[in-house]
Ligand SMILES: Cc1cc2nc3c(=O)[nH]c(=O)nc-3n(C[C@H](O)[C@H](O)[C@H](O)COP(=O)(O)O)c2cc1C
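Shown below, as structure tokens, is a lone chain in the form predicted alone; questions about how it binds or moves come after it.
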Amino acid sequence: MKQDLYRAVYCSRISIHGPPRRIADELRTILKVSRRNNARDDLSGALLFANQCFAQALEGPRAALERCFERIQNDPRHADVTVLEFGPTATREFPKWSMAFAGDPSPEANDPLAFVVFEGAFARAREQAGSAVLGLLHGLVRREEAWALA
């Protein structure tokens, strides 16, 4: 295992208010800034937005990951930040992505599978929810990669 490779998995509720276009614009801003910062800091990961919630996995050097997560926890666009997993990892799940994205930015979009995952995460079923979120993100990113190649 690379000594300094860590992973964080968390969920949060969106606290962006306004019309759907404003929410979609904020999501684009989050992705643009995150991709730039993550590439600079050697972080990789994936972000899901569904059911008015975020699920994210981030991986990279511990110090950079901690700084990034501190920004997330202090970001007013996130509420109820719930850490599901934080610790060393042997490999990156998302090595090609400074920040992969999956989801529908429209506030009325609902995903039944994401609902179940978020429900478990916010109910404090952290052990199961961390691996469920990671699995969901991994599957969605692979699906997006396959569609991009088609």
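Values in this document were obtained by computation on a predicted structure and should not be read as measured data. Counting begins at 1, following the sequence as shown.
Beyond what is shown, the protein has a form predicted in complex with the ligand; the following relates to that form.
Participant: Looking at the ligand in the predicted bound form, is some heavy atom of each of Ile30, Val33 and Phe54 within 4.5 Å of it?
Facilitator: Checked in the predicted bound form: all three residues contact the ligand.
Participant: Test of understanding: in the predicted bound form, would Asp80 fall inside 4.5 Å of the ligand by heavy atoms?
Facilitator: Because no heavy atom of Asp80 falls inside 4.5 Å of the ligand in the predicted bound form, the answer is no.
Participant: At 4.5 Å between heavy atoms, is Thr89 in contact with the ligand in the predicted bound form?
Facilitator: Residue-level check for Thr89: no, no contact with the ligand.
Participant: Hey, in the predicted bound form, does Ala102 get a heavy atom within 4.5 angstroms of the ligand?
Facilitator: Because no heavy atom of Ala102 falls inside 4.5 Å of the ligand in the predicted bound form, the answer is no.
Participant: Taking the shortest heavy atom distance, is Leu84 within 4.5 Å of the ligand in the predicted bound form?
Facilitator: No.
Participant: Looking at the ligand in the predicted bound form, which residues in 51-71 have at least one heavy atom within 4.5 Å of it?
Facilitator: Read in sequence order, the residues that approach the ligand (within 4.5 Å, in the predicted bound form) are Phe54, Gln56, Leu58, Cys68, Arg71.
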